[in-house]
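Single chain ahead, by itself, as structure tokens, in the form predicted on its own.
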């Protein structure tokens, strides 16, 4: 049986999971591929040591992996951008197939790496970069290749989904829930990329590029995080029949692309509303197949490693010249302006509790072409909280309204705004 060596760059949480699956599932992988796929070498970076790793597999120079003729596949799991870009570029130039889980690298430098892969005839696979064990990239690149996807949106970050779910379930404040998430291993010691939305933005850049066949990079995706969400916002969401989720949203509108990440109110009867804990779910919509939702664990050692193994199997079993090794961004679509997007909004204001306040606020909304769907007000001492749900309107109009409203003497602080997603047209 032909042997296919795997060179592994990084042996952390996911890397060790890949090593475990290559060993424990060797017979299944051989049945799937007709070849013996084995772990040949592991690059151990300075400062890292793995006592459970066979010392005979460890190398300290990536050149030893690239020069090994038995190693046909390089799996990059070191994270970061600079060193990973150098290593992946060198591997592809050497004719090695590359499998990676590095979302930031693909979102920022995917075009360059695909060009190198095309020149060398090597494969570049990255299923594990988005949504862990959920095969959303395979679905978009292969299963739905003949179906035009119009919308990709969903929960693509497990940390923020755990935090939002726990805040909703327990009523606990953000800081307390985040600390618990760190204790349970659902959040990193430095969770900035997750809670700011940057992690989700990189994933949405990748999914948009594949789904719409037009390049989207991280720089093209504005993102908002969850740090400003309060228990009051969650309580209001519940009272109106919603839950709050951090969503990645990519839409194809009039042959133009709009991709963003933001917290949103999602109706409780929408499939995404029931996705709890650290799970992910991606919702795909098309005029050809209506709607599909892919759901599962979005992170973790074995779930993410299983996506890496799936890519390894895909490389081994794909015929020479197979399309899935190529960049699928064969279009060059313009971006749809964010200001022209039409959205519904939840707005929370702190105002002076005195007669005439509503008489100052509602005319501004009307002048900008924004109408109110529902309104709720609660007073305490000389301050009142005013909550509005707005009908769908151009975001430029909503922004202009709130800038004018925030400047009123009766308004205290900046308004809180959260979009509403997932509602059927009224």
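Residue numbers count along the first chain shown, from 1. Everything numeric in this text was worked out from a predicted model, so none of it was measured.
FYI, the form predicted together with a small molecule isn't displayed, but the following is about it.
Visitor: Between the options 32, 45, 397, 372, which residue brings a heavy atom to within 4.5 Å of the small molecule in the predicted bound form?
Guide: The residue in contact is 45.
Visitor: Which of 87, 186, 283, 114 has a heavy atom within 4.5 Å of the small molecule in the predicted bound form?
Guide: Exactly one listed residue reaches within 4.5 Å, namely 87.
Visitor: Looking at heavy atoms inside 4.5 Å, which stretch does the small molecule contact in the predicted bound form, given the options 167 to 175, 216 to 224, 95 to 103, 142 to 150?
Guide: Contact criterion met by 95 to 103 only.
Visitor: Kindly indicate whether 182, 246 and 418 are, all three, within 4.5 angstroms of the small molecule in the predicted bound form, using heavy atoms.
Guide: None of them does, since no heavy atom lies within 4.5 Å of the partner.
Visitor: Can you work out whether residue 135 and the small molecule are in contact in the predicted bound form, taking contact to mean some heavy atom pair no more than 4.5 Å apart?
Guide: Contact with the small molecule, no.
Visitor: Within 4.5 Å, heavy atoms only: does residue 299 come near the small molecule in the predicted bound form?
Guide: Flag for residue 299 set to yes.
Visitor: So in the predicted bound form, does residue 18 come within 4.5 Å of the small molecule, heavy atom to heavy atom?
Guide: Heavy-atom contact with the small molecule at 4.5 Å: absent for residue 18.
Visitor: Hey, in the predicted bound form, is residue 252 touching the small molecule, heavy atoms inside 4.5 Å?
Guide: So residue 252 does not count as contacting the small molecule.
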